[in-house]
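Just the one chain here, the form predicted alone, laid out as structure tokens.
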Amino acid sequence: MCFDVPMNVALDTSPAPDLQAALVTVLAFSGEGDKATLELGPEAAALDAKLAGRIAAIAAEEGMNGEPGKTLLVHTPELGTKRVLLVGVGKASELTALELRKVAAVTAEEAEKRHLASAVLALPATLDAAAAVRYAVEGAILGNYRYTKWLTDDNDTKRYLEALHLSLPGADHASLAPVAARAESAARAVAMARDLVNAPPVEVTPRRLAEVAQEIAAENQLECIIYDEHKIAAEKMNLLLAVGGGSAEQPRFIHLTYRPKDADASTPQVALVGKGLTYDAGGYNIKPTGALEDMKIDMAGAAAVLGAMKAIRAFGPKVIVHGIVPSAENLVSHNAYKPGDIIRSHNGKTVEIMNTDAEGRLILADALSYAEKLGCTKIVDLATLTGACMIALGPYTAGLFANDEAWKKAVLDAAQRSGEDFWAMPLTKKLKSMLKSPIADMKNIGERWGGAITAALFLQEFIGKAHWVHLDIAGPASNDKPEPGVPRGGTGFGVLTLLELLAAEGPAASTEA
């Protein structure tokens, strides 16, 4: 499996009008008044002046008013730049660097669609240079992402865009090079996570996830431990073992570790835990037709964790980071676990199985208690856990549950800087009674109401003193409607937030949106 985007992103000190490229993107603003009117940015105005106002005239004819998301392509054969792409970004006073991620993605997508080898994006000098470069690099790479492995027609697989130049005259490119490198590492990690989610379940199995983890460890000098089904049983991770029991593909437990150079016994430890259901048929509570076809995405939490571990060296956090992935397939067979079973978890608590399709919380439970035993004082888990969270928040927003306000705020702040959307949800104690069982310590599912909350309350039973955040990413883990930088399919959601969170624990300076 090849985790790559075949394109280079380069910084350039030359003004955009002077660069030779098949396409140059410049910003178009809306006027500051109540009525949207077009205002060309400085770079767009410079090109327009070379063309005696033709860009502005065509924009007026086409009704281009600089509203966010609006685009206009103008052919300029008399210039070295053969095409000018105007991208609307709204009012100049409201422009943030984060918006450049979408602009760069649109540039890459437009160039690829027109079979162009090169493109230029003019970055505005009004924004912080480091932030502008960071988000533009991320957007360029993510906008160029395609999953084409299983396509056989050359017309569908051929890639055209070779280089996207970021024009930023007068900037200190030596100081911006590390920023660009970190952004590229992060974006390529997102691309890897997308590949894992998009790949068919016949390819991405628990064993394959373990192999990917080993490849990541070798590339990034990480420690790697893989438990097979025998070691999982020896470690008494019986919930993971039960969920995977119905498949001929045996479960795997993945543990990657990053250690900073000066780590010692006093170095704080953080755990990233990702749900790795490489396929979820629901077990004996089998899903209906219509709900089965996309269940390869049920390992998106694992993909996010592996993506973050792939890029972690570029961010250099000062803490020890554990990337933990419990992985299994949830199928039906004579060995599958059944409703009514009682299973003893890794931390000794017993669980009555009321629904075999509530399996993600089971494998996470064993992984969370494992992370606690490692001595991790901070834990984040990511999981496509409940449809209830998607019903509550829609397809683009993930739910966030936490047992500690400071850690919750750190994750939310990191998410805001990364441009990923989370919403804080309550851990309503009153709902915990839904999980009571007369014959075991708890049931694995509550009643219909508050399903995302009861799932989080279940997970909390496997957290001791650690500061913990649970991220239910069921909605934004995949995308049905393509948007700039996010094609249909796996999104790699969560990778950027995790890396931004870890960056706050280390020397790599974060950039504000």
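Residue numbers run from 1 along the displayed sequence. Bear in mind the structure is a predicted one, so any value in this text is a computation, not a measurement.
The next section is about a form of this same protein that is not shown, the form predicted in complex with a small molecule.
Remark: His346 does not count among the residues lining the small molecule in the predicted complex, judged by a heavy atom distance of 4.5 Å or less. For the chain shown alone, Asp381 is not a contact residue for the small molecule in the predicted complex, no non-hydrogen atom being within 4.5 angstroms. Taking non-hydrogen atoms only, Asp195 never approaches the small molecule to within 4.5 angstroms in the predicted complex. Though the partner is left out of this view, Arg361 does reach within 4.5 Å of the small molecule in the predicted complex, counting heavy atoms only. Residue in contact with the small molecule in the predicted complex (any heavy atom within 4.5 Å), chosen from Ala183, Ile141, Ile297, Leu85: Ile297. Of the residues Lys149, Lys287, Lys318, Lys338, just one reaches the small molecule in the predicted complex with a heavy atom at 4.5 Å or closer; this is Lys287. Each of Asp280, Thr386 and Ala474 comes within 4.5 Å of the small molecule in the predicted complex, counting any heavy atom.
Only one of 207-215, 387-395, 301-309, 157-165 lies within 4.5 Å of the small molecule in the predicted complex by heavy atoms, and it is 387-395.
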